[in-house]
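Next up: a single chain in structure tokens, the form predicted on its own.
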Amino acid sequence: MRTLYHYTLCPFSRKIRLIMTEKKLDFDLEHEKFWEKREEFLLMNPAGQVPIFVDLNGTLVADSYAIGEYLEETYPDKQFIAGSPATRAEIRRLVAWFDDKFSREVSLPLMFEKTLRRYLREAGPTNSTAIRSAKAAIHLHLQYISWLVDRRKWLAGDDLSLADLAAAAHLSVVDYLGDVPWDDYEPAKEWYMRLKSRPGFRNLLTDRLPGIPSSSHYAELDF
């Protein structure tokens, strides 16, 4: 069976889960406490990060960028980096926007402060300044998503793409924590509701972390 080593609220792991589910690929999930730095885990990825993907033939791929490209090339029946060269470039640009800029400014600080910090004794007390900065930064990103979907059917154009899956993966983490001001950005909210309604999103909506409850609307398709 294909296997994905992941952390429940890792947006990069969630992106790969969405890709594989949309491609209708069966796979098992292995929850990895990556901060414990297991020897076997570090042998698979010396960077000590999730996700890690192991294919049916034993091929091992680490890093969500590499895994996404591998899945596109190995399982091409349904493509999420498709279209003209310009469209594919736009998809990759937007994936980078969310995997780099959004993660740095919003999803990773919130995930770290609200979930991971409790497992790292040396990390110290919660950084409330980092949380406030992330909550302020998300407004720019929701404005941008709203601007894009006012002009396009999906983020990168007429078709659902990896850009949508990457953005939704990051936002789903922040939404779990209850930190997305959806009501201020109706176009972004409607776009996210369309994604939540897809079969590929169902497993994400059942995710729960012990001791960290989800927001009250997290699993609701119409919220």
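For every residue, the number given is its place in the sequence shown, counted from 1. Since the structure is predicted, the reported quantities are computational estimates derived from the model, not experimental observations.
Unshown form predicted in complex with another copy of the chain; subsequent notes refer to it.
With another copy of the chain left out of view, the stretch that reaches within 4.5 Å of it through heavy atoms in the predicted bound form is, among 149-157, 130-138, 111-119, 80-88, 80-88. Looking at residue 63, you'd find a heavy atom of it within 4.5 angstroms of another copy of the chain in the predicted bound form. Interface residue remark: residue 182 is not counted as part of the site for another copy of the chain in the predicted bound form, having no heavy atom within 4.5 Å. Contact between residue 145 and another copy of the chain in the predicted bound form is not found at the 4.5 Å heavy atom cutoff. Remark: residue 97 counts among the residues lining another copy of the chain in the predicted bound form, judged by a heavy atom distance of 4.5 Å or less. Candidate site formed by 187, 216 and 220: none of these residues places a non-hydrogen atom within 4.5 angstroms of another copy of the chain in the predicted bound form.
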